[in-house]
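Presented below, as structure tokens, is a lone chain in the form predicted on its own.
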Amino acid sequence: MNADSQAAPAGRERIVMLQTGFGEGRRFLAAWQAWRDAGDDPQRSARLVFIAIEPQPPTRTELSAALRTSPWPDLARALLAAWPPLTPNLHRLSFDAGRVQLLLRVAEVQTGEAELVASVDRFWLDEPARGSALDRIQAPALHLCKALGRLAASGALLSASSASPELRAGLTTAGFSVHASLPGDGPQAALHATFEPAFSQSLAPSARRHRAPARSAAPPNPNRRALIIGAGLAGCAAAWALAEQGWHCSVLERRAQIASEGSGNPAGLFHGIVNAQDGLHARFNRAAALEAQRAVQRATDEHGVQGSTAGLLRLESTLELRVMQATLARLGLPPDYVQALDAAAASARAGIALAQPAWSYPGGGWVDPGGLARSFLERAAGHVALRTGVKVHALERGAGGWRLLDAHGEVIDAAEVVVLANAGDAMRLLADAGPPMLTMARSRGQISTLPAAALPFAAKLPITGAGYLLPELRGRVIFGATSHADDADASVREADHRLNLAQLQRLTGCQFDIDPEQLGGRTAWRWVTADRLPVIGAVPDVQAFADPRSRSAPRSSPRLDQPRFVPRLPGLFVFTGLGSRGITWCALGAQVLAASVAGAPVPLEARLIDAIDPARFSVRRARRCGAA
């Protein structure tokens, strides 16, 4: 393979490339084709991850026109089919059964680099298609180069279309050796460099390699085997994502069937959200909803799962249409992600006369969560073993990793990596690993169902707002749902049916007389965190964090203000706290988890990784104690 396609040592698990300025995708397609052409060559890496940072990527129409004459027509068609709504976040596009991934960061180069979590083998600093030229990035050059040094793997190669003095000086300070040329680069590159940091007092502190525990590369694991506790949406999605990284998993489920508890409703919805401040929740939900759309589409197209990605309406009860439209314009959210509709347009899409404006999510929809969980396991076929009817009573750490014990203290299984994807029961098992680090609340929810013919309307799309209504499924409609904290009653209650009916009347503006006793329903429990975000990542070593003698930094160090710097228990991960958004969050959450386990580039921005990090609770408690 040439320098454009292979810069990592032979036999490496993956090669990671980064380009600033995606343009029309020519360099990505060339690298992908070269990776394919290598076939069974032992010099080829098992996986290719290509990261592109582009402030203004081409629209689907522009990309289609540009790719008409591509020398790689099959790859060009696959790229075009996967092209996402160009929202300002990190997009993960997957090809060749996950062995090739494109991480497209829609952002300016300086901010885009800072938010990446990856170890990069090959850099191309090319001109963005419509952004700031590299030779005009002068004042931020040192900041940019620091980010490159933070991302660079040992021996990483770099080529740039600019050879400005500022860029040369910044690269040298960051630990790169600038030289004349690299093989296979062609005449367009003006500057070449290799990451060769000399870890000495002469090197600027900014270039020295300090990796936070939550960002450190995973320890070598030649077996690449993990145990996953729980076979709901979280556990099954985790098995799929780890399979894409080449890992094998055993999934242990205490029930006789998968998705029998919180993931057991007959259908549920998924969608993003819009927030005027575009804060952490909005950005995480946006990225998750786009990943969910891809997962649901695959499940319905290839695995026979019932569901739809044809759109969803979220009614707006507080904002006027002009305010909604102004918010979308200010945030730069494209219409293929979300639109603001007046009541008439929303009514036309819904098939119901609605009295309120609505947020329309063209890629939102609904799905059978049990079917989605099954599709994840089917996509992991050959890399996953499912064991049902197995209850893990305790978790024990030993010299060789983690052991799962039954009620008699016998070992069920053991592995170096364990993922707790068992909702609230994760808190019990985490108590075996050390002091409590996670607190979640249990919320009881009840859905209601009735024959579709009993309603005076037929919804074309899922409608949500104060409650929700799903389109007809097997002759019935599903609506709800109630929410009661700390309620352990498993029965289906008439009082909750009445609450759901009242919500349905407010949602649709229709009055109808339905006897609650004629309704069907189901009760389940959701586990939610205080900040309403999931818990995904390596489990913190709370005891080490709490003991100042176990840390090199003093307790007053600002490093402790960030979850990423909290020490971790090796090989133990958690994936829980999905609340009522399991369908929306499971696919992206699984990919983030698998990247953390495998040491791969994480398909989420650094600040959002911190926002869902299990260590965030320990950091907040430490802050409160320090302030007291």
Ligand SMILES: Cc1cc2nc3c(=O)[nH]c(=O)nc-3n(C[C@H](O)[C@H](O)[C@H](O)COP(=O)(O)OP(=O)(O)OC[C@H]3O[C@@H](n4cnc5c(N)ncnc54)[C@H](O)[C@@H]3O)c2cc1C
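What you see is a predicted model; the values in this text were computed from it and never measured. We number the residues from 1 along the sequence you see.
One more form of this protein should be noted, the form predicted in complex with this ligand, which is absent from this view; the next part is about it.
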| item | value |
| --- | --- |
| Options 327-335, 276-284, 68-76, 231-239; stretch whose heavy atom lies within 4.5 Å of this ligand in the predicted complex | 231-239 |
| Residue contact check: Trp525 to this ligand in the predicted complex, 4.5 Å heavy atom | yes |
| Exercise: Glu166 in contact with this ligand in the predicted complex, heavy atom 4.5 Å | no |
| Contact flag, Pro603 vs this ligand in the predicted complex, heavy atom cut 4.5 Å | no |
| Pro362: touches this ligand in the predicted complex, heavy atom cutoff 4.5 angstroms | no |
| Full three-residue contact with this ligand in the predicted complex, heavy atom 4.5 Å, for Val390, Ile447 and Thr584 | yes |
| Candidate from Ser375, Gln293, Asn422, Thr508 lying within 4.5 Å of this ligand in the predicted complex - any heavy atom | Asn422 |
| Residue among Ala350, Cys145, Leu269, Ala289 with a heavy atom within 4.5 Å of this ligand in the predicted complex | Leu269 |
